[in-house]
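Same protein, same chain, two forms; see structure 1 and structure 2 below, as structure tokens.
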Structure 1
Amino acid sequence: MGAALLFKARLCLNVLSHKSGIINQGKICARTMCTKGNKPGERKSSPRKTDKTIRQTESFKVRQMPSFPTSVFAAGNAKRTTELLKRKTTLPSLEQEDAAWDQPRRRGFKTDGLVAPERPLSPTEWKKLKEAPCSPERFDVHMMTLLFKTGAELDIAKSLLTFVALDTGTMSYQLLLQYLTLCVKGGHNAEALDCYQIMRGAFPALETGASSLFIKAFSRTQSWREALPILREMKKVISPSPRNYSDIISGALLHGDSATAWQLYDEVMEEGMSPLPDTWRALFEGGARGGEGEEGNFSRAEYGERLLGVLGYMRDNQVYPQQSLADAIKTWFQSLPGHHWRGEWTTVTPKGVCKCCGSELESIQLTPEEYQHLKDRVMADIIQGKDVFHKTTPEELESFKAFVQGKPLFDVVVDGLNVANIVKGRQSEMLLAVVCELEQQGLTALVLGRKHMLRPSVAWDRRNMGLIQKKAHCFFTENTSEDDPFLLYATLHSGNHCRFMSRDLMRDHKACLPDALTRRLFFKWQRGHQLVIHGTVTVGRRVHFQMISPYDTIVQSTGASWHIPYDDSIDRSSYEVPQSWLCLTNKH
């Protein structure tokens, strides 16, 4: 009974706070209310559970909410939030405008006066069309564009070409190129090959567009080997795109020449390009077919080794496969003879246990070497960078270093301005609420801010600021300095257990790091150490934090099992990680 009363009171409060303007990031807020409304009991119990696990692993606790799917790093979160905010702010009139924008805009060729014919026309009819008053200057090219746009039949295009050939005695390269595009799009490969013979004969060379189209067309047919010299020719002037390679590789695999395919794949890697997902898919599908065709091909085992290498590449470069590629991977594993691989689409519990096979996933914590490397790089590249004056001054940096040295190791470093600005106008109250929460949990906190916060104002109440300085260690940077680099420094300096609290995704700081490896390390560390406030902050009530995922979202293997996170939707932003997994287990 009492619980029900409490729950009602809480709901009322919630509504009140909502009305009075404490509105946090739309979706998150809505979600909180939703869980509160439906399962009030669960909310209380689940953070405690997670507390326990964290205590087990790390010997200190921060009360957190179950992370998924509301974590800032969960796939699709950013998109949902922006959509919600957009819906909130957009006026109906603007929506109409949007609708007008959505309509396809005409670009390039004007095909206003032209109407594409329904059937192949005779030269005489074409001539009539051409001499019509509304027809544009370069009738043939415009008409071919129109045919391409409307997805007309190939025969109509052919009749147009015939007309042009008879009318002028020759054809422009552009027209043939457009015709070729039409052929390749429609999958008329034989026609494209004919076109190849003609264009080779009529023109001294091919440009890159035509070469790419021919490569695509050839790769689909028996004579896919013809594409190789075209590729070599392209290489003279430009480096072919991963798409070109992908076309030939899939062509080669389709016709059972895995040796050439892998050779080309190696070439792509040597060039420093990242292969397309389609390439990988073709490779896995080729593996699943088990093409033991020609001489000099890889044996099944060797092929398998190489595919595992591909998975290793995905792991090293933090690549998350699309659904279709994940499908191919699953099929390949299941097709392996002599093993009994079983693949399942699954998710992972917040604690990092695979729901399918029950095994625990890799931890998100960095190894000591990785941690040290990251610490050095952050100091050198993010804080100092090319010019110390960019983000701070040397004197300030030194004084901050001395400050950190003189204090005990922190448990949480708070980005004061970021946390405070959740609610405009009462910044100091918000900050105080968060600091009180941390103090109650018995954590050593450092609050970073700028000096202007110490100037008393409505937003920065003198009493509140005094309390904050009593309850936590504080460092205020110059108003002209950035505070995020100090945040990163203090957190990394305090050791692996230290977290930082900010809603900032630190993307601009991540971009300062020079190499991809360090950026990945930074991202991994960030996911494991960033505390984000969950829901709204109300004075006098407990503050909740989104849970930090204890496991790493990356392709991983224990030998007897593989866990591959994959994209099941296209909503994922680059700084988010997928939530769905492919679990592969080898049962003997």
Structure 2
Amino acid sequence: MGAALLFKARLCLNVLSHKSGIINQGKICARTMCTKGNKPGERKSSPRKTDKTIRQTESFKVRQMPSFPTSVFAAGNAKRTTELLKRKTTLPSLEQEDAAWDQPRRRGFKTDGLVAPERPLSPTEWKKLKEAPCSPERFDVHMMTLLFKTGAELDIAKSLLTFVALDTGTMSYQLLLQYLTLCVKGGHNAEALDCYQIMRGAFPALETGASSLFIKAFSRTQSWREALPILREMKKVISPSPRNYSDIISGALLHGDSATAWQLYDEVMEEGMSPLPDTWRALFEGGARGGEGEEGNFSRAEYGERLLGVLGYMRDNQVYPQQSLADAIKTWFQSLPGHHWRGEWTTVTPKGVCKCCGSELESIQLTPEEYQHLKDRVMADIIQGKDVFHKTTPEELESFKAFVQGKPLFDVVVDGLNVANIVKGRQSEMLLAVVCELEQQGLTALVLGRKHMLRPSVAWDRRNMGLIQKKAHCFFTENTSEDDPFLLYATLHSGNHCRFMSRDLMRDHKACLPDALTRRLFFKWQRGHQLVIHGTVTVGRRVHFQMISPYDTIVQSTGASWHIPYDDSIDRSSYEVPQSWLCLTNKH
């Protein structure tokens, strides 16, 4: 903003503020139905497994498709499945229609009867637009918003401010806020700082939106320290966002003040917030530059230790860095003096061996200590959690526990309704095919269902259901009960070898767990134990299951090497894991 405009704005606001102060701002039955007991005509339960039997069973392998990667947790799988379903319908895609409407119309963009000009206008031209019949109330704010949305040149916005100052003698908070947004988004930092002087002089306080924009603008300049008092003022009213901290951390590192950067990073962690990827990237880029600068900064060794702590946080919280952050991590390792780190982009084999260095990655299987910790937490927070009896009754849950404890340890627990509903209209046929496959593989299976499945119908054929109850242990809950707690209890009770079959991704149950470590262990256990059917199921043919990855997709190190899974795809859903890796090896 030019000096003349700045002077006019201050003059108008001061005069007006002195004159008139215009600038303002029911009970369920617990009886359940169990099968595969000792009733006449049914197969008797096999004796409870001894320790020797358990050890033999723990090494069982469910027959899986060898193709890779087809896991339900592989990055991009959800999008591929969605696209496949879309191709099966001739209906137009709502997402495509929405995207078409969302395309920016830079030239002649209209809203509320307004048209964004393509060049700066004189006060006379602006006055004509304002007095047009279609002009809305608060013309100046609507027009400035339109200029921002269309990405208009800054000079056009300046000409609008000049007109408003001359026409009304004042500029409202909302108008200046929209102008500030346009300046900051466009990288016009000098104009944004001029706007700060105007708003500070005209208004008693700034709301969080304006404060956040000023923090971003100051952090890009030599005056980055001016953002610190703005941050402190925000903390008196509201907790600043990770973005606010990230902007100042980036500014501090860019200007050589690593001590202040790490102090702010520690504040983020103490507040229980998750740092932004931009924050981590700035820290690693600062480390690659040496991490030193002003007096009082960390030594290079101390800075390096802090960065290793960041990698530990990524491991503990299942963080997958994006490509840009992975690049910064790679550059930092390769910049370390006295070392010979070499970074390569790679993938791993289906057996979990790095294709670059040949190292074997960590197993997906939990250690005995990890398994016991997870089992205890799931039992306490999910099976016996505060809301469990919204999904079942105490009597039904106790009945199920007694049922499971009286049976042999299971190899596979099947969510019967979930699996059967893969094929609508012939659910019992689908479920029977899966149970037959498990029996053919010599596995002890438990099928969880609901009582309505025992009422003969087209979907639930009496003969099919009878065969299922002969080939597998079955437990049928009340129709209103949720079966996930039963599935988790039976699977964890049977031991680390037991797997479960369901299309449910268990995200709600994972969210019930109290801390990051337990949630990470749950996701690790889930990826190593969940069976999902591969392809279609045809009567009389074998049923195949998607491959379970034998390795853990997590930041990991052996000391002489680091393997960091990174996110190089926009197609990855939150529950999926990347397939690309950064391999770092130290060549002595």
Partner chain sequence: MMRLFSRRVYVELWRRSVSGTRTFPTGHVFSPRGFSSGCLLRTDATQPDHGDKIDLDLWKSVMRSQTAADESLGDDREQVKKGDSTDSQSGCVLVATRELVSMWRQAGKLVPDKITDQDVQTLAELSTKSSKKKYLKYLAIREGHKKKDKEKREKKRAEREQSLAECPETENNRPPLKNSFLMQYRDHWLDRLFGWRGAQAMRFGQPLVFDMSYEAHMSPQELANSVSQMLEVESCNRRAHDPFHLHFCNLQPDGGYRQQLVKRYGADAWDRLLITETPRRHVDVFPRERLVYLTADSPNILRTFDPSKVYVVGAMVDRSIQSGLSFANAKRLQLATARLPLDQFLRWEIGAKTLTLDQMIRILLAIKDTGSWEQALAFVPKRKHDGFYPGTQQRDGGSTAGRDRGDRDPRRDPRDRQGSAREPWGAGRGGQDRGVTSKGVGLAWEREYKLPLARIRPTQKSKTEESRRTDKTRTPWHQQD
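Definition used throughout: the rigid core is the maximal C-alpha set that superposes within 1.5 Å between two forms. Given the structure is predicted, the values throughout are model-derived calculations rather than measurements. Residue positions are counted from 1 along structure 1's sequence.
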query: Form selected (criterion: the form predicted on its own); finding: 2
query: Rigid core superposed: residue 407 CA moves 2 Å or more between the two structures; finding: yes
query: Residue 317 C-alpha relocation of at least 2 Å between the two structures, rigid core basis; finding: no
query: C-alpha of residue 275 moved at least 2 Å between the two structures on rigid core; finding: no
query: Between the two structures, how far the Cα of residue 431 shifts once the core is aligned, in Å; finding: 4.9
